[in-house]
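The chain below stands alone and is given as structure tokens, in the form predicted alone.
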């Protein structure tokens, strides 16, 4: 089971291991309750996820992270704070959004400081693509939110172009408080700018 025995019992309970990679996740079983669901895509060390879960006990929070070491960090934080509304899933974000989320099952997505793949020849590896945005739209509830942040100006401009080319999201001007991620704290301390968008799902005009 990918070394799960090395985790403390409480920490192991935080990580969710799906029984199937072809069926949509059943979140009433993942969290043992039904509640609005927020997903942190590429949740890193879990600082943002844990802070959100603490501040919003009536919501469920799922952190998705492909690196095992980071998943362990998330599990430790969540278990230490005894957060019953936060879980971690070791998986690629793109695969999860495309294949494991039922339509209209997510209230809010957070995509914070994804790898910018700065070299031109690596741009095709960037997470934010029209296909990815379409999958996010499908998984969101009506009027659901997609929160995006990056410190990389070129990547942010690409994100803006992808959004402008669609009619499935509008930029929200609502004011929301989001706790800083570990990455964000480092960037701000170095005097770097953080580019952020809050998108709201709309039905496309036909």
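Model, not experiment: these values are computed from the prediction. Positions refer to the first chain, counted from 1.
Beyond what is shown, the protein has a form predicted together with a small molecule; the following relates to that form.
Asker: Of the listed stretches (54 to 62, 136 to 144, 25 to 33, 38 to 46), which one has a non-hydrogen atom within 4.5 Å of the small molecule in the model of the complex?
Answerer: That would be stretch 38 to 46.
Asker: Can you work out which of 73, 85, 93, 105 has a heavy atom no more than 4.5 Å from the small molecule in the model of the complex?
Answerer: Contact residue from the list: 93.
Asker: Report yes if any heavy atom of residue 182 sits within 4.5 Å of a heavy atom of the small molecule in the model of the complex; otherwise report no.
Answerer: Heavy-atom contact with the small molecule at 4.5 Å: present for residue 182.
Asker: Taking heavy atoms and a 4.5 Å cut-off, does residue 67 contact the small molecule in the model of the complex?
Answerer: Residue-level check for residue 67: yes, a contact with the small molecule.
Asker: Contact between residue 79 and the small molecule in the model of the complex at 4.5 Å, heavy atoms?
Answerer: Flag for residue 79 set to no.
Asker: Would residue 112 sit within 4.5 Å of the small molecule in the model of the complex, counting heavy atoms only?
Answerer: Yes, contact at 4.5 Å.
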